[in-house]
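Have a look below at one chain only, the form predicted alone, in C-alpha cells format.
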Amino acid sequence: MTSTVIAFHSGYGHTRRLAQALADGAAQARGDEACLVDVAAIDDTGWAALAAADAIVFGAPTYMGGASAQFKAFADASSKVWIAQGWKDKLAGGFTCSLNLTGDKDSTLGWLVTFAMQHGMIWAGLGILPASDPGDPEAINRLGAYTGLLAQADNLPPDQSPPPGDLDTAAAYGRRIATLAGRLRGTR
C-alpha cells in the first residue's frame, strides 16, 4: 500500500473539489491511502504527512498566470525540506483550475513541474489521451492536458463546477499516481 498526499490551495472551492477527486481516485488504487493537505493552513501534521508520502500531487488555482500566493508561500516554506532533500525520489504530479478555458493554466503546471524538479522528485504526467470531443463537460481530459490535470471553474459555484469530466479526469489521475507510486515501491 502507498500513501498519496494532495497538497493544495483553493481560493473559492473549485481546486478543493479537484483535490478530493484526486484523493478518491488514489484511494481506489488497491485501497491505497490518500489525504488532503490544505497548504494555506499547513501545520506539523501536514508536513509530517508530506514527509511520509510516497507521492505528492501539488494543486493550486491559476491566478494572474501562475499559482496562488498561498501556494507560493507553501513552496517557499518548503526550502527546509529542499535543503535536506526530503522529497527526493518521491513521485510528483500537479493540477490547476481557473475560470477561463485556458487562463494560462499551462504556466502554473510548468511552474509546479519546476518546483518538483528542484525537490528532486519524479514527475508523472496525466497519461490520458485528449477527449475526442474537446470541451464536452462530460468528457475525460476535455482540455487536452498532458503535463498534469487542467480544469475549468466555469464561473459557477464549487458545488456545480468543475464539470463531471474534469472531476473524472482528476480521479483517473489519482489512480495513475497511486499505481505509479506502487510500482516505484515495488508493490505493483
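In this text, residue numbers run from 1 along the sequence as written. Small disclaimer: the values here were computed from a predicted structure and weren't measured.
Only in words, not in the display: the form predicted together with a further copy of the same chain, which the text now covers.
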### Task
Would you please decide whether Leu180 lies within 4.5 angstroms of a further copy of the same chain in the model of the complex, comparing each non-hydrogen atom pair?
yes
### Query
If you check in the model of the complex, is Gln28 within 4.5 Å of a further copy of the same chain, heavy atoms only?
no
### Query
Any of the heavy atoms of Gly127 lying within 4.5 Å of a further copy of the same chain in the model of the complex?
yes
### Query
Can you check whether Arg17 is within 4.5 Å of a further copy of the same chain in the model of the complex, heavy atom basis?
no
### Message
Quick check on this chain: which one of Ile42, Ala139, Leu36, Ala145 has a heavy atom within 4.5 Å of a further copy of the same chain in the model of the complex?
### Response
Ala145
